[in-house]
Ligand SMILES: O=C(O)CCC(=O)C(=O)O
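Form predicted alone, single chain, as structure tokens, below.
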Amino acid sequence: MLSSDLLRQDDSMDSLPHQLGPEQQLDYKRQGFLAPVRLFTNSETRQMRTELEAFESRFGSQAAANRTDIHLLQRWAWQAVTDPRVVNPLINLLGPDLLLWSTQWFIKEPGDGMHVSLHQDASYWGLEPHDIATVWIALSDAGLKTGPMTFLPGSHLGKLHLHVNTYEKDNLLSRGQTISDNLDLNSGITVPLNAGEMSIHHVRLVHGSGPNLSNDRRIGMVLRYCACHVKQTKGADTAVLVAGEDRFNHFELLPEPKTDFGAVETSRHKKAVEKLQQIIHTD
């Protein structure tokens, strides 16, 4: 069963605003994902898309390389990744001390043939233990024609599968990572999202998506959150503290950008992305 409940708006002293209800939390534990959840208003979503596309116009052919960890470069993106409507549901799932590990984008242009092969993020991120979740925010409608995500419910409770690197040119993953085991796809659930909605999925959940056959861009803003006790096993790494306290010091914590595209912010962003790319591209 998909959970389409709105986030609860309980502002009492013993609860967070915008938190997940008990049934939503149980759905996540059982299935490994939660969707759809209404997040931003239509006007907020349009504004975020406008900001992203202005960013792309600024960088041109280098936009894809630069938009990773965009929250370190621009304040609108920082506000998005620290928004209580995003963060508080993750606190429900991962605990009160919470880090944002990275911001990435999965964008499919109309008819470009790009897809995402079936994979588990835990197989190549280097983060352990697996108290990690991904928030996927639709900045454009992600209907059935756009190649929305398909999840294999409950697969996060099973093993980590063997992956092979295909390096397919039409695969949005960094190395075309694909599960080599034979999987029963009959249980797969495809999850379309309207613009402004989000899904949340577990780092071990098997998932993928097909090509965009619609007439509009399919824009997904992808935020990776983890509990503060999670550590990077592949080398030095960075993160942003979005809730609570970091008592473990496993990551270099980076601050909010004070000036959009400022010299300090640009240097900090460049170094963080270089570390992240090295980690993701290393087996």
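As the structure is a computational prediction, the values presented were derived from the model and not from experiment. The first residue of the shown sequence is 1; numbering continues from there.
The following text describes the form predicted in complex with the named molecule, which does not appear among the structures shown.
- For the three marked residues, 163, 204 and 232, no heavy atom of any sits within 4.5 Å of the named molecule in the predicted complex.
- Within 4.5 Å of any heavy atom of the named molecule in the predicted complex lies no heavy atom of residue 197.
- Among residues of the shown chain, residue 178 is not one whose heavy atoms approach the named molecule to within 4.5 Å in the predicted complex.
- In the predicted complex, at least one heavy atom of residue 136 sits within 4.5 Å of the named molecule.
- Of the heavy atoms in residue 73, none are within 4.5 Å of the named molecule in the predicted complex.
- Heavy atoms within 4.5 Å of the named molecule in the predicted complex are found in exactly one of 205-213, 155-163, 184-192, 86-94, that being 205-213.
- Shown here without the named molecule, the chain has 106, 108, 116, 119, 121, 134 in 106-135 lying with a heavy atom within 4.5 Å of that partner in the predicted complex.
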